[in-house]
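Coming up is one lone chain in structure tokens, specifically the form predicted on its own.
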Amino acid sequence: MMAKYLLLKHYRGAPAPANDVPMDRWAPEEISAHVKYMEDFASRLEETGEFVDAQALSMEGTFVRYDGEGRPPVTDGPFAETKDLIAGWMMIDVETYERALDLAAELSAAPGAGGKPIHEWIEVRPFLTAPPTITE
């Protein structure tokens, strides 16, 4: 049975990668090479039936919570520099957890500054599944 996993790429909040140059300091051709790597990776997974979806996210974001009936939502204020920020995600559907780890490791090797692999930390999160039904 296939299982879905979310592979999360972080702007901040994960351990620092080996090639720790922020993307806003990359040359245009380095960004293009990174995007092409990601697209080629996704295309290969589409061919094997393991790709579900992927999206890059902007750095802007707000935490919001409910604050009671008739009250406006509460936001966390403009402190983005202190938050864990997700750069993007890829959803995969694979046979085993080990396969999810292998794909995350490969994704971690996307090129960054100087064309060298980033070796960034990719967070692997399984989707919750329904608990087994117990019948007696």
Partner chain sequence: MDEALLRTLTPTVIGVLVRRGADFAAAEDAVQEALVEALRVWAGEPPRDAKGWLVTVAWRKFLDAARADGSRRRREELVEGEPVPGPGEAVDDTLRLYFLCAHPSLTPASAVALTLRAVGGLTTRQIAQAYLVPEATMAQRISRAKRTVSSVRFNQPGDVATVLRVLYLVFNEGYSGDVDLAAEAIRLTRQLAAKTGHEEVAGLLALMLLHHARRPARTGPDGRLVPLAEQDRSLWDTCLIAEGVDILQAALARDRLGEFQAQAAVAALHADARTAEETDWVQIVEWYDELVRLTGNPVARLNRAVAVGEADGPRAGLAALADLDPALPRYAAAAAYLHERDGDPATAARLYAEAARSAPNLPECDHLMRQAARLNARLRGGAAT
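Numbering follows the first chain given and starts at 1. Source: prediction; values computed, not measured.
Separately, the form predicted together with the partner chain exists; it is not shown, and the next lines address it.
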Does M23 reach the partner chain in the predicted complex if we count a contact as any heavy atom within 4.5 Å?
yes
Applying a 4.5 Å heavy atom distance criterion, does P28 contact the partner chain in the predicted complex?
yes
Might T75 be said to contact the partner chain in the predicted complex, defining contact as any heavy atom within 4.5 Å?
no
May I ask you to check whether E47 falls inside a 4.5 Å heavy atom distance of the partner chain in the predicted complex?
no
Choose from 91 to 99, 31 to 39, 65 to 73, 104 to 112 the stretch whose residues reach within 4.5 Å of the partner chain in the predicted complex, heavy atoms counted.
31 to 39
